[in-house]
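Coming up, as structure tokens: structure 1 and structure 2, two forms of one and the same protein chain.
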Structure 1
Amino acid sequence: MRLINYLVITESYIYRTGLRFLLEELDSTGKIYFSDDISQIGKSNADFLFIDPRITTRDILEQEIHTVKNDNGTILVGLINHEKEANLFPTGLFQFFLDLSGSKSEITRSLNEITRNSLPSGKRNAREEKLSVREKTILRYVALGHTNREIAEKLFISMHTVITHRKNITRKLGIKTVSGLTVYAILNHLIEMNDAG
């Protein structure tokens, strides 16, 4: 899985702290950098630049963004306090806006949508989402041929929980068959080839 790097340009302590917390919760997050210097836009190798437009004048902002706009495929995200603020900026200045006035779940959902759907295909991997430790354990049991009931008994969880984990594994990996999951488990060293049978 390829990790995504972020640069957040803002003077706001609240924006910095809140975005760090939310970005660290995303499975795909690599490094998070912070700056209060708008000129860092052109010096960053981050995949995503989160920019607080209030950090400078509109003219300087447009000039700095223009220098990197089509340079390296970096995604530019404007930080706003209300969705109507997006109309204050020229069309195309930012690829996305992140409204920070919403609830934690709303902002997290927006972050997921922005990061998942906007990286160029060369930077994105179909199997980008990490399996949790529990999902890996369940995948291992599935690959070894155990039924949902057997897995539930071994892990002291309900069968419903096992089924939910299996659905998440299938969604994350894009693999629907037990044989496909077994091959994945072997290739990723969750089980040995001799164990599959």
Structure 2
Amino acid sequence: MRLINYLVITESYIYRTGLRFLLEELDSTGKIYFSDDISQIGKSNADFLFIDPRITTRDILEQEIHTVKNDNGTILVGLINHEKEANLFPTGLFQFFLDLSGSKSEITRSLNEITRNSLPSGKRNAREEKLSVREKTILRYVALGHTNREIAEKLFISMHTVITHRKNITRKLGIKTVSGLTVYAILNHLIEMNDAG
């Protein structure tokens, strides 16, 4: 499962702390970024942009939003305080609205709907953390002290593929460093203690 990253654009302290709190409770949440600068939306590669429309004027808002539209599948969510506020914006400007006036369970339900239905199937919830055979092979090489380049050559795959595998291994195991991966490999009998690189 790939984790979902968010960028929240607002100056409001309450919005920030509240959204952070709720998003961190979702299993699928990766990173949450905050900004009070609307021009960040063009530079962001977050999956979801939560935008507080009050951050800027309507003109600038529409202009900035047009710069991100259509290119990378980023989903724009407008933050509102009442259902009816959604009507104040031209259709299509935001894909979704998140009404922040509700109870905790109401907001969480809306968040879940927004994130679940709009992601390609590969990103959907499936908490599968087991390593694939290929990942185990790569992990073994890493633990034996081989570099990404060496691994690519040995397995006849590209460096890019090796790096992707390594990212997935790190995410699944919750281990980031080579020494940490080595400890894991020994504990799980992927290599012998004496072999460790």
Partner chain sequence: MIHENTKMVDLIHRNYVLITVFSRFGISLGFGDKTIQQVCEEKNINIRFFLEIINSFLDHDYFPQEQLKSFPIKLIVDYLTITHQYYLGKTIPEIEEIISGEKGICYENKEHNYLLNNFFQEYKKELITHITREDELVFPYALQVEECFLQHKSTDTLFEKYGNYSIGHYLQAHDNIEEKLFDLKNIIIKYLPPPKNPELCYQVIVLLFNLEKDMNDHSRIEEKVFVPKVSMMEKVILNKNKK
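If you superpose the two forms and keep the largest set of C-alpha atoms that fall within 1.5 Å, you have the rigid core. As the structure is a prediction and not an experimental result, all values here were calculated from the model. Quick note, the numbers are simply positions in structure 1, starting from 1.
> For this pair of chain forms, which number matches the form predicted alone?
Answer is structure 1, the other one does not fit.
> By the 2 angstroms cut-off, has the C-alpha of Leu181 moved between the two structures once the rigid core is superposed?
It does shift by 2 Å or more.
> Once the core is aligned, does Thr29 move its Cα by at least 2 Å between the two structures?
No, because once the rigid core is superposed, the C-alpha of Thr29 moves less than 2 Å between the two structures.
> So, does Val8 move by 2 Å or more at the CA between the two structures, with the core held fixed?
Result for Val8: no, shift under 2 Å.
> Cα shift of Ser158 between the two structures after core superposition, in Å?
That residue's C-alpha sits 51.0 Å away in the other form.
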